[in-house]
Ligand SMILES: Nc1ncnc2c1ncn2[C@@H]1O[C@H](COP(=O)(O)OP(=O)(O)OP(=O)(O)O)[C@@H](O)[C@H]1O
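Okay, here we've got a single chain as structure tokens, the form predicted alone, with questions on binding and movement later.
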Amino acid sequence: MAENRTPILRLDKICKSFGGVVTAKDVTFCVYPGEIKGLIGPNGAGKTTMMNMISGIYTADSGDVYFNEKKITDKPDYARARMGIGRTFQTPRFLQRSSVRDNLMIGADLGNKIGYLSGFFGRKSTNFYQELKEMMDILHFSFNWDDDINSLPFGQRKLLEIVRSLLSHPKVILVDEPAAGLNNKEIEYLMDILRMAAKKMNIGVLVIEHSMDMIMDLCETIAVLNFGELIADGTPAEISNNTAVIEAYLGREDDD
């Protein structure tokens, strides 16, 4: 059971507001190694804001973020990335006018103490190509190294952004709206990638996604936000039968 393990990521009473608009109010939840956890809620619930506070883009007004049981609340985003917090975005972020190879190697550089870029100057580095080949073989996914990143279809760029993050050897990965704009085959690839990350690499995965079918199929536990408050945290079965969650998404019967 996850409760008997040490969480890789823990949020403790996180609060955040912008100009009087509360986007997080005493939010507390955990992500464990090897667990896929969903973070859901209606539009404006504060999901992406929460990702930004975990990754260090925003700083919480109060409360703390713990990574591997060490407080990282005041750590900048680049330090959190180096520690092992990976991140993808709703719209993929790559170096423009650069090849697939260059973009993936920059991601891999985060996870290498020496760095692949340092390897160009004669220092020893991990076998980037072998590691990537093994990952692609597992996923039955292929591409041309030398293609310009912008020449790839949107769905492939989204999948490669997750692959790039995994090459940094993260301990937890934050995945924001990964299925948006993907076709059915690409969504299957996506779910395979995230399951591989959790089960074969023991990475904690926190995923925001509007597709409830995908969330219910993919996640072991789900945290639900509404107007910045955590209203539920449990298994897919518990969440699907939770009255507060149903009301947040559908409204109460006496609502107009």
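Sequential numbering from 1, following the sequence displayed. All values derive from a computational prediction rather than experimental measurement.
Separately, the form predicted in complex with the ligand exists; it is not shown, and the next lines address it.
Interface residue remark: H210 is counted as part of the site for the ligand in the predicted complex, having a heavy atom within 4.5 Å.
Under a 4.5 angstroms non-hydrogen atom cutoff, the ligand in the predicted complex has E177 among its neighbouring residues.
Among residues of the shown chain, A45 is one whose heavy atoms approach the ligand to within 4.5 Å in the predicted complex. In the predicted complex, no heavy atom of A237 sits within 4.5 Å of the ligand.
The listed set Y189, Y58, F67, F29 contains one residue whose heavy atoms approach the ligand in the predicted complex to within 4.5 Å, identified as Y58. Here the chain stands by itself, but in the predicted complex one stretch of 199-207, 213-221, 35-43, 59-67, 35-43, has heavy atoms within 4.5 Å of the ligand. Within 4.5 Å of the ligand in the predicted complex, a heavy atom is found for not a single one of M136, F141 and Q156.
Residues of 7-32 that come within 4.5 Å of the ligand in the predicted complex, judged by any heavy atom, are F18, V21, T23 in sequence order.
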